[in-house]
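Heads up, the chain below is alone and in the form predicted alone; it's given as structure tokens.
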């Protein structure tokens, strides 16, 4: 099965055994009609629909719908054991439990269209991509004075119930500061995301500041932030990671901004 795709059985009991035997050895991919339920600090439920389930070798779980870049539900690597079972009222069930936070994640397949395993071989583990939003975050962590003088970085990718805070810091007055980083022009959705993070801690009785970092702020977004006592900070992304000069033989790719 080295470096090859292996189609799994259509017979249910055999399929369950194959799935459980291959977890943590290869990538498992299922195409099918399923529902999903996450039960923990927050709850989410997706009704029956056609989706793609990917379980990577490190047990990262990604459940994708028919559109969009982000999965509709996911679980980070190493969160808990993953098992497949046959249930009487459904065809196939994936279950995982995270003891650390007492959370359960179920995906129930009413129909499996295709199941396969793929033994992925990394051809170039040294390859890297520069210019991702995470690079921007890392740069700001190393240079917090760009955002505000005397800012002390406490944590990054801090997990809360419904997301990850890019940067968690303290200011000169020892106030906690939530910093959300975007490498594009700020949008209303970005501002609302920051507000949700701040609201989460304020409902727990904690005093926090919120700062949205972006390359620019439309008036509508600035007004929204101001109305909720949130702050903005312009950091030109291109000044930190200049665009690499292209050879004259290579045509310039248009950016989204060029169409507006």
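Since we're looking at a predicted model, the values are computed, not measured. Positions refer to the first chain, counted from 1.
What comes next is about the form predicted together with the DNA, which is not displayed.
None of 109-117, 184-192, 169-177, 144-152 except one has non-hydrogen atoms within 4.5 angstroms of the DNA in the model of the complex; the exception is 184-192. For residue 74, a non-hydrogen atom is located within 4.5 Å of the DNA in the model of the complex, even though that partner is not displayed. Using a 4.5 angstroms threshold between heavy atoms, residue 65 stays clear of the DNA in the model of the complex.
Put simply, residue 27 is far from the DNA in the model of the complex: not one heavy atom of it is within 4.5 Å.
For residue 221, a non-hydrogen atom is located within 4.5 Å of the DNA in the model of the complex, even though that partner is not displayed.
Annotated contacts: 103, 133 and 163 all touch the DNA in the model of the complex [non-hydrogen atom within 4.5 angstroms].
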